[in-house]
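Heads up, the chain below is alone and in the form predicted on its own; it's given as structure tokens.
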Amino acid sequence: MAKLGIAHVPEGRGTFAELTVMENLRLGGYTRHGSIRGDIDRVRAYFPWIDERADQQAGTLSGGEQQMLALARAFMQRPRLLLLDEPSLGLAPLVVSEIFRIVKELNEEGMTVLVVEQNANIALQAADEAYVLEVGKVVLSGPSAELREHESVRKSYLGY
């Protein structure tokens, strides 16, 4: 899948806890040929804290830092499609906002991002298109701006 240009950030972060931050990043670039130095520099632009934590074991990071590391590791692959499964799960609102800000930037730079997210409010703010699933079936779909105004979405998922 990685060679096809698909990167996945699983629910629950999925970092390699015993490895350092830098080792996790290097694993993200394992399908890349040649030097990954430029990719690490690009990751640092999004996640400046990585430099000071490069030698720290990933398992000792906060939950938000682990989620950002998982995202950074996926970014190292330079995927055409980034799959994110519940990126806000168990994280503080400020961390969630930062993660979705970065995801939005990646998308604006041309990366296709598919997010599965129960926090409908933040998902609809970040997405261009959205699908509402109920019991595994698509019940609504369309531009996010339209779904934010849809009466049943507002009542059932957005609380107003």
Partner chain sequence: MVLLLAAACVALVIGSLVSDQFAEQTVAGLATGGIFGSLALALVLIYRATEVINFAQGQMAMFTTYIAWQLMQWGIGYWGAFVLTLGIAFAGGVALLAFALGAVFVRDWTFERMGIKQAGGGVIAVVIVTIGMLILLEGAAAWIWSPEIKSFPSAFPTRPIRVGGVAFSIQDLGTIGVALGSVVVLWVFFQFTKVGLAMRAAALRPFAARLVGVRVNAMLALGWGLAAVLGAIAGLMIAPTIFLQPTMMDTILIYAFAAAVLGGIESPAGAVVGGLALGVVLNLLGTYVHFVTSELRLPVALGMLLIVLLIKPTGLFGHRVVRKV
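Bear in mind the structure is a predicted one, so any value in this text is a computation, not a measurement. Positions refer to the first chain, counted from 1.
Below, we refer to the form predicted together with its partner chain, which is not included among the displayed structures.
For the chain shown alone, Leu106 is not a contact residue for its partner chain in the predicted complex, no non-hydrogen atom being within 4.5 angstroms. Using a 4.5 angstroms threshold between heavy atoms, Arg154 stays clear of its partner chain in the predicted complex. Though the partner is left out of this view, Ser88 does not reach within 4.5 Å of its partner chain in the predicted complex, counting heavy atoms only. In the predicted complex, Arg44 stays away from its partner chain, with no heavy atom inside 4.5 Å.
Put simply, of Asn121, Thr112, Thr31, Gln56 only one has a heavy atom within 4.5 Å of its partner chain in the predicted complex, and it is Thr31. Residues of 36 to 75 that come within 4.5 Å of its partner chain in the predicted complex, judged by any heavy atom, reduce to Arg73 alone.
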